[in-house]
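One chain is shown next in structure tokens, namely the form predicted on its own.
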């Protein structure tokens, strides 16, 4: 029964993969490159046709396990990868994916090296390399605002992440159905929150509390809670279970088991993750400033919008120095606490 379920799962994955391959071959390679259709239109009938074709191909290939991509990767053999049929098919789909990437990203070396494009790039880079130091004082104030915005977001996220991580750790929530429901709910909420970029959260909070560093701090804080909770919970899932069993054998309360059995094993990795997250938040704080999140990113948006590239050049130098300093400092601290 378990083996049949595994084969069905491999078959469904193959169906998705071959549907993607057939769709790419038909729409991108055939219509776009061969028929030279400039504006591609996607219809539900075409998708259904590609889905049926993908299912047929998957069924035919599944008759021979060596040709089933997902089933082939799970099949252990000493044959070199390049001689395995499923690996050749996988490379074929990878090539199709690369072609899709060229199409959808509109990759063009001709436009990149065009005369007008090169002239524009020269003007911008010339201005960037000659920064305007008249705004140095204002820029440094915004830079300090950015660093502390990231610091507050990280600091406020720590207690929430610390508590949530225990509910999102599978090894601590498998004792009863109630805790399993809590685990599933916590994971769902954290994954949903983390899947939304801080840039989007910054837009939401800018409408909620107004444009400024407070909106940026809230956006970073919310995303940090989700990200740190995931990192913390994964660290909890990798702890040594021996001390926990020993503490449980003494009749200790579950809270005592966590405090004396789990926390001592995770405190140093937690510190390392937290410092690294602050480093990430400093970088993100620059980006969310582009949508009104405050800090040096807001200044960058203002000067870039008015094409004042000399001022932008100074801001880029300051941002680069901040990122370099934070990266150096965080790496040194993480080395010391290992």
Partner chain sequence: MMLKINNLKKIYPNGHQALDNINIEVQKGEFLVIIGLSGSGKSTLLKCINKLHPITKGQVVFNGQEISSLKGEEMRNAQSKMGMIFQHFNLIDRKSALTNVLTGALHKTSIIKSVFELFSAEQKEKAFEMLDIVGLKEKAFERVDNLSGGQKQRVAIARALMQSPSLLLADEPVASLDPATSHSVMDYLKKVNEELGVTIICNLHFLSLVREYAGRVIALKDGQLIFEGKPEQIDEDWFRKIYGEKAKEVFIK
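These numbers were taken from a predicted model, which means no experiment stands behind them. Residue numbers count along the first chain shown, from 1.
Another form, the form predicted together with the partner chain, is not on view; read the next lines as being about it.
Trainee: Which is the contacting stretch out of 90-98, 219-227, 189-197, 250-258, given heavy atoms within 4.5 Å of the partner chain in the model of the complex?
Mentor: Contact-bearing stretch, as computed: 250-258.
Trainee: Would residue 117 show up as a contact with the partner chain in the model of the complex if we use heavy atoms at 4.5 Å?
Mentor: Residue-level check for residue 117: no, no contact with the partner chain.
Trainee: Given that the partner chain is not shown alongside this chain, does residue 245 nevertheless sit within 4.5 Å of it in the model of the complex, heavy atom to heavy atom?
Mentor: Because a heavy atom of residue 245 falls inside 4.5 Å of the partner chain in the model of the complex, the answer is yes.
Trainee: For residue 264, is any heavy atom within 4.5 Å of the partner chain in the model of the complex, or not?
Mentor: Residue-level check for residue 264: yes, a contact with the partner chain.
Trainee: If you check in the model of the complex, is residue 268 within 4.5 Å of the partner chain, heavy atoms only?
Mentor: Heavy-atom contact with the partner chain at 4.5 Å: present for residue 268.
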